[in-house]
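There is one chain below, alone, in structure tokens, taken in the form predicted alone.
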Amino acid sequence: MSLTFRQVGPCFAAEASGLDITKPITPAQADQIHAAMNEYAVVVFREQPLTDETQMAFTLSLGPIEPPVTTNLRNKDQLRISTNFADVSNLDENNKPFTRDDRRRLFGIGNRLWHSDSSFKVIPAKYSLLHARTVPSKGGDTEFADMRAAYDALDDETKAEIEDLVCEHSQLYSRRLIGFTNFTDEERERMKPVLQRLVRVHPDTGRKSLYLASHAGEIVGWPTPEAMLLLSDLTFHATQREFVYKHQWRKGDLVIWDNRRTMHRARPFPSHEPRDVRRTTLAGEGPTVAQQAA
């Protein structure tokens, strides 16, 4: 059976079939996946029983991974899995769900805000690959928004206004939106803002898209209130139903998305139930702007 893709979202997102990604894939199959990503931006492989080793092998077949950098509040003695993975589960080092008031959980639920992975890094991510090992009895869906279609739907005046704008991105900004400000000095230093363009051009397709995230908290040269209002308005526009695909997880699903032209957010689920999802991340091509002190 050959590898095929079927669109499942309103204007993007596809489900793949005909490929067992627990086994090595060929360069030609990798090229097919990249072509599908260029077209659909989100690709779903249903019910693939991956291990950490086979997930990493599949990821590396698509390109180099992002250098491992801690992006959560787990200390070194609290890690469950390799730092080559982003642990976006609700589980502690003993594989038990965090208590409701655990600081690590409260930071983690910031992922329920619309965001793009690693936009708070100087070199933001290319693809994210999230695999579901354990799913809760209800909830826990992930929603994706197509930033290409959202950009296309803007009026010409707005496109001209935002064309050259540069934003500051930091996890400090996104967590501030949910009232989480309990950071150590070391964490604040690690999360210093970086600069990203508000409009990006995809390197393969040449198509423009918005580059938004809850991590964006300032616009260079703008007063903060005005910047936050514009970013809020653009996010509201970009996450209308016609631009959004909701993925309902099954155990074993692997979802790949292109962070350069999508946003996503997690949805709530029973906090006492385990949700074990593990993310590998492909490295981006480079900074979106020449970096300077933010």
Ligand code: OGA
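Since the model is a prediction, treat every value here as computed from it, not as a measurement. Don't overthink the numbering: it's just position in the shown sequence, from 1.
Below, we refer to the form predicted in complex with the ligand, which is not included among the displayed structures.
Colleague: Only one of 161 to 169, 74 to 82, 197 to 205, 107 to 115 has heavy atoms within 4.5 Å of the ligand in the predicted complex; I'd like to know which.
Modeller: It is 107 to 115 that comes within 4.5 Å of the partner.
Colleague: Hey, in the predicted complex, is residue 216 touching the ligand, heavy atoms inside 4.5 Å?
Modeller: No, residue 216 stays farther than 4.5 Å from the ligand in the predicted complex.
Colleague: Using the partner position in the predicted complex, report whether residue 92 sits within 4.5 Å of the ligand, counting heavy atoms only.
Modeller: No, residue 92 is distant from the partner.
Colleague: Whether residue 142 contacts the ligand in the predicted complex should be assessed with a 4.5 Å heavy atom distance threshold; does it?
Modeller: Yes, residue 142 is a contact residue.
Colleague: In the predicted complex, does residue 150 have a heavy atom within 4.5 Å of the ligand?
Modeller: Heavy-atom contact with the ligand at 4.5 Å: absent for residue 150.
Colleague: The ligand isn't shown here, but in the predicted complex which of 122, 154, 88, 191 has a heavy atom within 4.5 Å of it?
Modeller: In short, 88.
Colleague: Can you pick out, from 21, 277, 13, 16, the residue that has a heavy atom within 4.5 Å of the ligand in the predicted complex?
Modeller: Of the candidates 21, 277, 13, 16, 277 is the one lying within 4.5 Å of the ligand in the predicted complex.
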